[in-house]
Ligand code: BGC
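Below sits a lone chain in structure tokens, taken as the form predicted alone.
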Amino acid sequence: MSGPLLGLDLGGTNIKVVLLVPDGDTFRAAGTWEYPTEAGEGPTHVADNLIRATRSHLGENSGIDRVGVGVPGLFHSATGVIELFPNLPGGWEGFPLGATIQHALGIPVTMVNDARAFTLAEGLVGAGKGFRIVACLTLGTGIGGGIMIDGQLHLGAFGVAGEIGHQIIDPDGPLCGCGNNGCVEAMSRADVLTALAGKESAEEVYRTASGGDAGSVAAIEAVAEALGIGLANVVTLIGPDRIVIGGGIADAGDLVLDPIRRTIRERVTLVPPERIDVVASQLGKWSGAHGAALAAAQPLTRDR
């Protein structure tokens, strides 16, 4: 069992921080904080904000000797150099984020994709705890995913397995930040939802849909169909015992989850509908930071 762990979740708006402390054979959250990302100021400024957020807690908790950072994209696993941040502004490609943070802090820093961090947290201590095969999806600015099998993240031969949001479900669909057309993400992320509904924010879409607004209901149904098709493919390919959905869009609860469940059950013909289990995140908006901390406590390796 490790000592205290600090996890940071780098988002487009905020950096979320969770302090985990040992509790028997597991960990419990001893504190949560949020700091502004200020993403528009560029990679170096954002890295400085991550460093400042970490240092403020290292001084208060001297037992922390490892830090995990969840990031919204892909990076080189050995060097921590950013390869793709499709939903964060600025020149991130080639930026040595891992080395920059580790050099400033002087302690080991583990980087993990934010959706994989979400999967780690929900799979080990959240809504997926106790299930052998868990598929996770985070809904928000982008659509992230992850797969856990027998308590371990499934990263595949190339270290990027689990990108559920980057399945192509319509080759002639809209351009995605990853460079492909018609990915699940390109057809269901938050700005797509608001544009379809003609509203200013996802929260407004939920609120007006709850009040019976036809445009908002139709927008949710359209987004849920794209998500449901993607998850139906996951059910067919890996057969998860449980699917866990989190992130901003999922905050609407069954208003969003019910049409996703319905689409999955309509599209999967090889599995009895009652066996398909789709639930909301248990750890809420802190899942990513929680999982980043847990990533610092165990090695994350590509599957052999």
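Start at 1 with the first residue shown and count on from there. Nothing here was measured: the structure is a model prediction, and the numbers come from that model.
The next section is about a form of this same protein that is not shown, the form predicted together with beta-D-glucopyranose.
A.B. asks: What stretch, of 195-203, 67-75, 211-219, 120-128, brings heavy atoms to within 4.5 Å of beta-D-glucopyranose in the predicted bound form?
C.D. replies: Heavy atoms within 4.5 Å of beta-D-glucopyranose in the predicted bound form occur in 67-75.
A.B. asks: Examine residue 86 and determine whether its closest non-hydrogen atom to beta-D-glucopyranose in the predicted bound form is within 4.5 angstroms.
C.D. replies: Heavy-atom contact with beta-D-glucopyranose at 4.5 Å: present for residue 86.
A.B. asks: At the 4.5 Å heavy atom threshold, is residue 143 in contact with beta-D-glucopyranose in the predicted bound form?
C.D. replies: Yes.
A.B. asks: Taking 4.5 angstroms as the cut-off for heavy atoms, does residue 227 touch beta-D-glucopyranose in the predicted bound form?
C.D. replies: Although beta-D-glucopyranose is absent here, residue 227 would stay clear of it in the predicted bound form, with no heavy atoms inside 4.5 Å.
A.B. asks: Hey, in the predicted bound form, does residue 113 get a heavy atom within 4.5 angstroms of beta-D-glucopyranose?
C.D. replies: The answer is yes: residue 113 has a heavy atom within 4.5 Å of beta-D-glucopyranose.
A.B. asks: What residues in 178-196 sit within 4.5 Å of beta-D-glucopyranose in the predicted bound form, counting heavy atoms only?
C.D. replies: Read in sequence order, the lone residue that approaches beta-D-glucopyranose (within 4.5 Å, in the predicted bound form) is 185.
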